[in-house]
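Next up is one chain by itself, shown in structure tokens, the form predicted on its own.
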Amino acid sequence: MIEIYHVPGTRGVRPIWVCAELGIDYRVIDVDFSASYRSSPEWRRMNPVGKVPVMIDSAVPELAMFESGAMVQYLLDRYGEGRLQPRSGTKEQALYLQWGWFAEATFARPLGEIVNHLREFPGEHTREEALEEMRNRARLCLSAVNDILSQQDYIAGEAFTAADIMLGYTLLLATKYLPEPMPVAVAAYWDRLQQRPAYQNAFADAG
């Protein structure tokens, strides 16, 4: 049993989606996302910086993970049996790793900064010029993704992989925090992802 401590709309959807794709037995545990609980000793023992998700694998004593991308890779390596990722050491794996890391380290970063800015500087304190700079960095990433998806069905090639799960969550953020519609190839790709039964099951469980 995989237990995933999660708040709707957050990165916990990534390991939840992987579990759904692989048919792994999992349970989603809702977390109180109030500032007081996130700073409590109880939660800081689970996640030292007070964020979500946290994942526990009951088959591995004393293992608790708190990075969504690491959870994705762990689930693939332990339970995937070669599914959702290319063979190690291949060109295909290199591209898979590149786009999976890009989704979080490069593309999600300015979108996360938008979230943080709106939370810390609400209403009349919001600096529109700062938000626009963040949006422009996200737009550059979106353009790069659109160029690739104009040539192939999925971000790392013609087959669906966990890199698409990593990117799918980032696109979810983009639909919320970029005001304009997504480019044509990205919009078609986003629709393909949402049609997957595992996506629908995961997001139903993830709220």
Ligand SMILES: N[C@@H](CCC(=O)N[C@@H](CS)C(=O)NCC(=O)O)C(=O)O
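Small disclaimer: the values here were computed from a predicted structure and weren't measured. We call the rigid core the largest set of C-alpha positions that still match within 1.5 Å between the two forms. Heads up: residue numbers just count along the shown sequence, starting at 1.
Separately, the form predicted together with the named molecule exists; it is not shown, and the next lines address it.
Under a 4.5 Å heavy atom criterion, is S68 part of the interface with the named molecule in the predicted bound form? Output for S68 is yes: heavy atoms within 4.5 Å of the named molecule.
Mark Y37 yes when one of its heavy atoms lies within 4.5 Å of a heavy atom of the named molecule in the predicted bound form, and no otherwise. It does not: once the named molecule is placed as it appears in the predicted bound form, Y37 has no heavy atom within 4.5 Å of it.
Wondering, does R137 line up within 4.5 Å of the named molecule in the predicted bound form on heavy atoms? Within the cut-off, so yes.
Consider T126 of the chain shown here, and say whether it contacts the named molecule in the predicted bound form, taking contact as heavy atoms within 4.5 Å. Contact check for T126: no, nothing within 4.5 Å of the named molecule in the predicted bound form.
Spot the stretch among 21 to 29, 192 to 200, 179 to 187, 8 to 16 with residues whose non-hydrogen atoms come within 4.5 Å of the named molecule in the predicted bound form. It is 8 to 16 that comes within 4.5 Å of the partner.
Would you mind picking the one in L142, V52, I148, L173 that has a heavy atom within 4.5 Å of the named molecule in the predicted bound form? If I apply the 4.5 Å criterion carefully, the residue I get is V52.
Quick check: do E104, N116 and R119 each get a heavy atom within 4.5 Å of the named molecule in the predicted bound form? Verified in the predicted bound form; spot residues all in contact, yes.
Residues from 140 to 159 in contact with the named molecule (non-hydrogen atom within 4.5 Å) in the predicted bound form: Going through 140 to 159 in order - heavy atoms within 4.5 Å of the named molecule in the predicted bound form - there are no hits.
Core-superposed comparison between the shown form and the other one, C141 Cα displacement 2 Å or beyond: For C141, whose C-alpha is compared between the shown form and the other one after core superposition, the shift is 2 Å or more.
Work out whether the Cα atoms of Y96 and A138 come closer together or move farther apart in the predicted bound form than they are in this form, the change being 3 angstroms or more. Farther apart, which means the C-alphas of Y96 and A138 are at least 3 Å more distant in the predicted bound form.
So the Cα-Cα distance between G50 and E133 shifts by 3 Å or more in the predicted bound form; is it shorter or longer than what we see here? Compared with the shown chain, G50-E133 is closer in the predicted bound form.
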